[in-house]
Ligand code: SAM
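The chain that follows stands alone, in the form predicted alone, written as structure tokens.
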């Protein structure tokens, strides 16, 4: 049920009387610090959930009626807004696998389709389908920063920039961007990440998508990547992009090369633009989704 933040304590006490399974509180929050942290949002309600054992249906029904009566008494005081008590069954699950339900087959752009390895998909003739198991690495295609990059890669492919290109995927995560570039025809793709789990995930997903001859992954940072590259993908965060601006400029082939930088929280966009311009990068394109921005840049 939805509860005004100032009424959370009173409602929790009522629910805990009848719910031996405990009460969970989902506090409302707003993203800050480039989307990496959060602060409480007092303007939105909290969500409270209480859990009842359903083995004894009669006892569960009595507990629900008692909770509704007590909440009705609380609402009579009209202190703070309290939503309606909703009741639904929750079936036992294998929680180690249940998270997979939240990862559907996802279409990004016109042709690109992200298919979790545990799902089936009958693609259209011109679909580019990526089979993906993120494991513990970042990059499922669900986050706006990843979708912005995937859309950018498809746009590059439509312009003829990807076929035969050398590509750097900085902060490769699950390898989703590296594999997308390979599936669109890149000649060679290097995925670099400081996290060994990400390197393992990229290698495994490259194998699933039959692109191991063109996609390789290594643990490290921009300094060891070499280059220059025809295309550079950097789905990071604004502070890292600012700090790496000079190295990113050096990694992009002058003239024909392109950089796609994502993971930029909208209020940090001016900082990233300023850093890129100081490093000799010219911003030539911008896309956004919700509070996230991606910038396309080149080296003249």
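Just so it is clear, the model here is predicted, and its values are computed rather than measured. Residue numbers count along the first chain shown, from 1.
Heads up, the form predicted together with S-adenosylmethionine (SAM) isn't pictured, but that's what we're talking about next.
In terms of non-hydrogen atoms within 4.5 angstroms, which of the given stretches 40-48, 230-238, 245-253, 270-278 touches S-adenosylmethionine (SAM) in the predicted complex?
Selected range: 230-238.
State yes or no: in the predicted complex, is some non-hydrogen atom of residue 220 no more than 4.5 angstroms from a non-hydrogen atom of S-adenosylmethionine (SAM)?
Judged by the heavy-atom cut-off of 4.5 Å, residue 220 is in contact with S-adenosylmethionine (SAM) in the predicted complex.
Can any non-hydrogen atom of residue 154 be found within 4.5 angstroms of S-adenosylmethionine (SAM) in the predicted complex?
Close contact is absent here: in the predicted complex, residue 154 is far from S-adenosylmethionine (SAM), nothing within 4.5 Å, heavy atoms only.
Residue 198 versus S-adenosylmethionine (SAM), in the predicted complex: is there a non-hydrogen atom within 4.5 Å?
Taking the distances in the predicted complex, the answer for residue 198 is yes, it comes within 4.5 Å of S-adenosylmethionine (SAM).
Closest heavy atom of residue 163 to S-adenosylmethionine (SAM) in the predicted complex, within 4.5 Å or not?
No, no contact at 4.5 Å.
Note which of 215, 186, 176, 168 lies within 4.5 Å of S-adenosylmethionine (SAM) in the predicted complex, where distance is taken over heavy atoms; exactly one does.
Selected residue: 176.
S-adenosylmethionine (SAM) in the predicted complex - contacting residues of 179-206, heavy atom within 4.5 Å
Result: 192, 193, 194, 195, 198.
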